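Quick heads-up: the C-alpha cells below are two forms of one chain, split into structure 1 and structure 2.
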Structure 1
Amino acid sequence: MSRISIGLLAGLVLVAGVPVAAQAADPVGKFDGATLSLSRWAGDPWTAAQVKSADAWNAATGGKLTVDAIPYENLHDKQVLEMSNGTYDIMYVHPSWFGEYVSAGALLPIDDLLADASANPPGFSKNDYLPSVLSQGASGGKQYCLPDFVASVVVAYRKDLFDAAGLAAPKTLDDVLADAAKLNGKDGIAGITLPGKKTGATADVLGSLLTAYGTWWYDKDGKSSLDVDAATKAIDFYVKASKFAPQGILNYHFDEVATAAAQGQAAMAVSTTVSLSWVEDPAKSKTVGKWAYAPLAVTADKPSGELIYWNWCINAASKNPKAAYSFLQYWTSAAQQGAVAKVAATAGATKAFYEDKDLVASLPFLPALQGALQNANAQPSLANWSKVQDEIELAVQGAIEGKTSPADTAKAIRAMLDKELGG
C-alpha cells in the first residue's frame, strides 16, 4: 500500500488556483423504466441525503433508484447473500470488503464507463478525482469503484480546559498522554476518550498510530511488514490512553466517543473527523465552540493519520450497469458531496470539492484532516482483511484489558499477519 501524501496533498492543499473541470450537478443519461436498488448502511444524515439525491436522479433520468439502508453490522452479510442475483445494482463497499468482493468477481469494472463521454458530464475525466483516493477502488489494473466519505483519525481537545489548566495544545502523542493524565478526573471528566469496540474503529485508530510510528500492516505487495517495535509503541499509547478513558470503552465505537466528548465527559477525544465534527453541532453537543483539532503525530513536524473512505461499486450482476454508473458519477460529484458535507461532515474525493472555498471554510475539521493525510495509509482492502481486522481488534482489546503486554500483543499481531498475509 503506497503512501498517499503527494497525491492527496495535491488534492487537498495545493488545488487553489489550479483550474479543474467542474462537474455538472445534473445526472447524465435517460433510463426510463429502469429500476435499480442501492445497498448502503443506515444512518442519517447520510441516508437522508442519498435518498434525496436518488429522488433527484430519478426525476432527471426517468429511472427508479431505491435505497436499501440497513445496519452496518448486517450490511456485509446481506450484500454477500444478494451479490449473485443482481438484487443490488449499486453497493456501498467498505475497504476491508473490497478485496473480497473483487476476488469473488462481484464487482463490475467501470473503466469503459469512466472513459465514455456519453456517460459523463462535458469535460469530465477520471482525473477529476483525487488519484490517491480513486486508486483505492482499483485492483489488478481495473477501476471498480468511485470513492466518497473521505475522513481521517485526529485528536480533539477542549480549549477551555487546556487554558484553565495552563496546558499548551498537544502537538505529539506524548503530549496527548501527558495532558490526559493531568486532566483526568478533574471535575469528574475523563482525560481522553477513544474507541475500543471491535467494529473497525479500533483498527482505524491503531492504523493511524502505526503510521505515525512509521510502520504499516503490510508492504506494497500485501505481505506482512509490521515493525514489532513500532507497533509496540502504538499499542502502548493505546493502552496508556485507555487508562484515562471512561469505563466501558471496549464498547465505544466512534459514535460513543463523539457522544462522550459532546456531552462534556472527556477533555480529549481520538476519533474520526466525521464523528468529531458533531461536537460542534448545537443539537447534539453541550460543548460547542470549546474544541480544537490536531492530527496525530510522534514528532510535531510529521502529522499522520489514515485515509478513511468508502467505495461505491456496481454489482457485476446488475441489469442496469450504465444507469448505476450514472448515479455513482452524480453522487460522487463535487456538487453532491459538497451538499452532503454541509450536513454530514465528510469530505469528497474530487479535486473540485476542495476548490469550493466557502465549503472548505465551513468545515472545521478540514485543517486537521489535511494535516493527518499528509502522512497516511489507506484503510486496508485486501481480500482477507475483514478476518485479519477482527484478530487485530481482539488483540488490542486484550492489551487494553491488561491480559497481554503491548510488546506481546504486537508480536502476536505480527505472527497473525505473517500467517494470513505471508511474511
Structure 2
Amino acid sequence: MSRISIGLLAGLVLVAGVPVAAQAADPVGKFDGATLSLSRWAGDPWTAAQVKSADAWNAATGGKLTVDAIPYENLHDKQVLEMSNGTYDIMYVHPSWFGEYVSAGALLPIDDLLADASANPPGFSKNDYLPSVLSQGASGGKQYCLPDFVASVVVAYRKDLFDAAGLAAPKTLDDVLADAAKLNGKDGIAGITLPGKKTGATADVLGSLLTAYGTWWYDKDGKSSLDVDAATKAIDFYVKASKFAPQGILNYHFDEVATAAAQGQAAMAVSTTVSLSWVEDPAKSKTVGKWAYAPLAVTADKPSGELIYWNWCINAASKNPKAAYSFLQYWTSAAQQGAVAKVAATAGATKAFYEDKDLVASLPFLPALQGALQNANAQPSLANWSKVQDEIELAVQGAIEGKTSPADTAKAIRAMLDKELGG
C-alpha cells in the first residue's frame, strides 16, 4: 500500500461501533526454543495487533517471535541491509519491493508449506484465499507471500433517500449517474461525492473505473497498455459524477469524501472501504445505519475494483522457515484478520473472512468489497509510478474543470504512459 494510503489508514484507527467477534484460531506446530524476528513498519493499531498475535503464537508453539517495527521510510533499506544475514525471518514487503526481492532471491517460495498438511489447520489449502489477492504474492509460478489488510473502492448509497425517491439499488455505473442526477439538490444535499484531490485517491478511483471498463494502465511487463476508448468512458463517468458532487471536490481526498457522507451531505459516495467505515461510526456519523454498498460495475454481472493489500513473506535466509510460515498462516487467518478489522476496518484475504456473519454485520461493505475483488487490478506499484500518478491526477482534474474533454484527457494519459513506461 502506498505511503499515502498508510497515512490515511493511520487516521482511521478509532473505528468505533465495530464490534467484531473474532474467534480464537490455534497456531499450527510446536517450535520450542526457536527464535524469530518479524520486520514491519511502525504504525498502530496494526503493530499492536501483530504484537498481540505474536504473543499468542509464542504461547501456543513455544517459539519466540519478536516484532521489529521501524518508520516506513526506513523499512526498505533496513530490510535490504539485514535480509541476507537472516536477521529477519518474516518481512512486510511493499508491492513495489516484491519484484526486487524475488529477483534477488531474498524470498522463500512457500508452495510446499501451503501444501503440507502438517503445517496447516485441518482442511486448509491455498484455495482458502481469494485468488485475485493471493496471486499478488506469486511470481514465476511460485507463491512467495500471504496477503492481508485488503481494501478496495466501492460506492455507498443512502437507503433511506433511495427508498423515499422510489429508486432501486444502483447496479451499474449508468445507474449511479442516473440516481445522482435525480437525488442531487434534494433537501440541499449533493447527489454523490467522490475524491478529486491529487493525493492518490483520484488515481485509485479512476483505476477502479478503468478495470470496470476492461482496461488497465499497463500490461504484465509493465508497458503502457491503456485502451483510450475505455479510458474515455471511465473519465467521462468521473466528469459527469463530479457535476453532482459538492463544491470543491478537487480538494477532496478519501477523508473528505467519507466526512461529507457521514455528515449527510451526499446521497452516494465513491471511496475506499476503509474510509467508508466512518459512515457507520456513531462517533463520526449522523447517518449510521442508512447506508448500503455496491461494487463499481459497467454491467451488473461483472463488479470491479482496485486491490489494495499488503504482503507478508519469509526471508530465504530464515533459519526457521516452518515456524515463520506457521505465524504467517496464523496471522492471515480469518480469525486474526477479524480481530484487526475490529479496530482498523481493513479486510482479510481468506474466503472465510467474508463468510463470517458477525463481521459482515459489523462491516456491511464486505459483500461489495468481495464482489469488487472478483475483478480487480492491484494498486500500481511500479518504481516510477509516483510521477505517473501525479500526471494522471492532474489530467483528471483538468477534465473535471472542463479544460479538456474526456477523450483528449484519455489520449494525453496514454501518451504520457507510453513515454514513462514504454508502449
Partner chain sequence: MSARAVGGSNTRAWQIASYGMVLFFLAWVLIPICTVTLNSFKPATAIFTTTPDFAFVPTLEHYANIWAKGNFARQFLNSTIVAVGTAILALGFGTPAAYALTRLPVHGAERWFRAFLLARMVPAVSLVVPLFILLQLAGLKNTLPGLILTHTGFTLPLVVWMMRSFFQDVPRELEEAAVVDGASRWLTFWRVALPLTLPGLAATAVLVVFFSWNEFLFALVLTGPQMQTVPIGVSAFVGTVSVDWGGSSAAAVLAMIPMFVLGLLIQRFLVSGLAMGAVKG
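If you're wondering where the values come from, they're calculated on a predicted model, not measured in any experiment. Throughout, rigid core stands for the largest set of C-alpha atoms superposing within 1.5 Å between the two forms. Counting starts at 1 with the first residue of structure 1 and goes up one by one along its sequence.
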Query raised in the report: Given that just one of these two is the form predicted on its own, which number is it?
Result: 2
Report summary line: Where C-alphas switch from fitting one rigid part better to fitting the other between structures 1 and 2, the hinge among Ala34, Leu307, Ala344, Leu134 is Leu307
Query raised in the report: In whole degrees, what is the turn of the smaller rigid part against the larger between structures 1 and 2?
Result: 33
**Report entry** Core-fitted comparison between structures 1 and 2 - CA shift at Trp331, Å
**Finding:** 7.5
